[in-house]
Every structure is written in structure tokens, then in C-alpha cells.
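Listed next as C-alpha cells is one chain, alone, in the form predicted alone.
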């Protein structure tokens, strides 16, 4: 897989990583206020790829997780793209337990519990994606709107994000973090994939952001 190195300089990547650190910290704080459990987020990793390579990249990243739960949400502004919040199998039920303070699968019929699991995933996704993307936009003087989140529970992870959604002639900036819910057995991945249209705006905004601190 070929990385497109010319779109962002190393300095621009460093600035964007610092902004993502701030944004992910905000997302963790917002979620902790609601469920009273701290979310530990690893240092974000930034990679610039050809969009045509995105399916292979995601396939490799999700290797070993055949069954996943995914929250997908699109966002629009000068900063535009798609967010994918991905949990391995079983995380949805654990999140129901965390959010519902001990609510378990027993006592609910299968359809009711599945519905509760999807609603919980959607709520967690809304908080994490909204706080993260919103903070990035705020720091770069942008405003974004969001599509309603979509939740999918897939038996084959590679089928969750079809290749057709990527513009084969574009590039994508992938911002990835791995997170864990402190003291609970839940972890996952958050990918933000920006569109080609955002790249020139992003480069200019990173310069403007740094000028504020010089």
C-alpha cells in the first residue's frame, strides 16, 4: 500500500496530531461526564493514503476482528469526511451494561436487547464522533453539520465499509486512535477519513492555527 507523502508535510502532520490530541481529549471528557468512566485514548496516528487503498488499509487494521459493531457518521463543513467508530464483537453488550448501570441481557427478549445495543452504540458514537470532529472544526475556525449516525453489526468486517464509497481518484487523510474504557473490557478504533476537498483548506488552516501561537 502506497502512502501519499506530498499532501501533508511532516510539520503539518505534527500540528494535526496535536489538534487531534486535544479533540480526542475533549471526546473522552464528554463521555466520562455521561457514563462516569474515563476513556483512555492512545496518541492519534495520521496517515495520508490514496483513496483507492482505503479498503485494503481498513481490512488490515481490522484483521482478527471478523465480527464488529460500527457507527458511521458523515460530516460537512470546510472540514468534511466520514467517521467510523468500530468495536469488536461483544463490546455493544458491555456498553449496554456500562450505560445502563447493570442492565443485562437476561430479562429482555432478543429483539429488545438488540435494539438497546444499537441505541447504546449510536449514543456512544454520537458523543465520541461529535466531540472529536466538533473540536477539530472549532480549533480550525470551521463549523460542521452531521448526518444521522448509522449502526451496523457485521459478521464480516471487510464488508462493513464497501470500496464503492471511496473516490478512486482522491486521497484521504486517516486519523486513527485506539481507545479503552478504563477498568472495563471495552476497546475500539476511531477512524476519521477526510475528503480530497478538505486538503487545501486543511493545510491553510493549520498554518493559521500555528500563527496564533507564534
Partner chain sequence: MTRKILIVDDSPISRKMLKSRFPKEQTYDFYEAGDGLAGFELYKEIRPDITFMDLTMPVMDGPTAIAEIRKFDPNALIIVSTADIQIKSLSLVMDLGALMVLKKPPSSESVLDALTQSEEQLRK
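Residue numbers count along the first chain shown, from 1. The structure presented is a predicted model; accordingly, all values stated were derived computationally and were not measured.
Below, we refer to the form predicted together with the partner chain, which is not included among the displayed structures.
Q: Answer for residue 172 alone: is it within 4.5 Å of the partner chain in the predicted complex, judged on heavy atom distances?
A: No, residue 172 stays farther than 4.5 Å from the partner chain in the predicted complex.
Q: Please determine whether residue 42 contacts the partner chain in the predicted complex, using a 4.5 Å cut-off between heavy atoms.
A: Flag for residue 42 set to yes.
Q: Does the partner chain come within 4.5 Å of any heavy atom of residue 199 in the predicted complex?
A: Close contact is absent here: in the predicted complex, residue 199 is far from the partner chain, nothing within 4.5 Å, heavy atoms only.
Q: Against the partner chain in the predicted complex, would residue 58 count as a contact residue? Criterion: heavy atoms within 4.5 Å.
A: Outside the cut-off, so no.
Q: Which among 59-67, 33-41, 46-54, 145-153 is in contact with the partner chain in the predicted complex, heavy atoms within 4.5 angstroms?
A: Looking at the other structure, the answer is 33-41.
Q: In the predicted complex, which of the listed residues (127, 116, 139, 98) lies with a heavy atom within 4.5 Å of the partner chain?
A: Comparing distances to the partner chain in the predicted complex, the residue within 4.5 Å is 139.
Q: Among 22, 209 and 213, does every residue place a heavy atom within 4.5 Å of the partner chain in the predicted complex?
A: Heavy-atom distance to the partner chain in the predicted complex: all three under 4.5 Å.
Q: Judged by heavy atom distances of 4.5 Å or less, which residues of 15-30 approach the partner chain in the predicted complex?
A: Residues within 4.5 Å: 15, 18, 21, 22, 25, 26, 28, 29.
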